[in-house]
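Just the one chain here, laid out as structure tokens, in the form predicted on its own.
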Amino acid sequence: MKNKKTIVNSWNEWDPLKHVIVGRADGCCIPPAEPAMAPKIPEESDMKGKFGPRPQDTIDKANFQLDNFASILTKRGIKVDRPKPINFNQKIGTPDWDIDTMFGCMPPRDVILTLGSEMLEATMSFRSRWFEYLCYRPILEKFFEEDPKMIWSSAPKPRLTDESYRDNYLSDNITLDQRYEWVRDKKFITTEKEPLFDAADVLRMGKDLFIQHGFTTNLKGIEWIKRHFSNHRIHILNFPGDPFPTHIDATFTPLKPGIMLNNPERRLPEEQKKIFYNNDWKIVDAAKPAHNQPPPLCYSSVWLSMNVLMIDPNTVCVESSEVYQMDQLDKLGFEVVPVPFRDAYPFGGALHCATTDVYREGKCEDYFPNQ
């Protein structure tokens, strides 16, 4: 190997960021309805019943903001890599199913989990996102060639047959109260047929991994992660206030050692808070979003306001129109970097979603010694 250097190293969400992947919006599609997708789209959503390529003008606006975000990071001395889009507007399938289009490659956080020197391709629980890992393969191949310590791994590809999803979640007659009841009872769209997880459901906090059990990550997926990362302690989190529990990073956000931001509409249950309180961590309610509605053709909630990216323990990137979240973080003592990003929201989320770590300074620490 030519250059024996460390390229991949990241143990948490806040150590000084030196290398990151930022997504692209090129060719992104709205996928057809599928078992994993249908329960995530609220009845009143303007996406209901739509699929196919997104309008080019929206792609151009999103890419403008993604490129600007990459430039902001680069000017701060952070190296930025970008995925290579494939043709998402094509039919894909396996022996078990087929679907008319794919999704895109804007939210790298969903697909790749970086822990230490390892970059792990998640299973993904949407059929439309089954091949999304291909967009990141050129990057991972390069890292593997150049970094002799880099571990490149992939979780077992799921079959995603109908047995992996609950039938009763696919009805158009489900009330919001029914959704809340099922979430409280931990009945989600995914069954326990096979391990399923999206990387964006995992919070990396040194020795401890906090994982949301919800729509995209099941208990068998969490068990697979537990066995795979056997030197880490695994904690399962649930948020009964979220009727669409998809990814954890617009619900529960670590800012630095000792402080968590929690969505006030999706509070962590008291029993699950104990590990934080026993280790002198504060859990702070996030400021309210600045917007009453998500942008057009957007899957995500208004709580993307708290989907922030920590550059280091004192510096945070926040979407520039989220004035209440910026003000709260400023008052908590952080340097706030405003980043225009609302045009990119419909393509898979906000600033944390749109990135995945490659290198952060630091090593694996124990932030929760009292367990």
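As the structure is a prediction and not an experimental result, all values here were calculated from the model. So that there is no doubt, residue numbering starts at 1 and follows the sequence shown.
Absent from the display: the form predicted in complex with delta-amino valeric acid (DAV). The rest refers to it.
Per the 4.5 Å heavy atom criterion, delta-amino valeric acid (DAV) in the predicted complex is contacted by stretch 300-308, the sole one of 22-30, 300-308, 52-60, 329-337. When delta-amino valeric acid (DAV) is considered in the predicted complex, Cys353 lines it closely, a heavy atom lying within 4.5 Å. At the 4.5 Å threshold, heavy atoms of Ala250 reach delta-amino valeric acid (DAV) in the predicted complex.
delta-amino valeric acid (DAV) is not shown here, and in the predicted complex it never comes within 4.5 Å of any heavy atom of Arg127. At a distance threshold of 4.5 angstroms between non-hydrogen atoms, Arg266 is in contact with delta-amino valeric acid (DAV) in the predicted complex.
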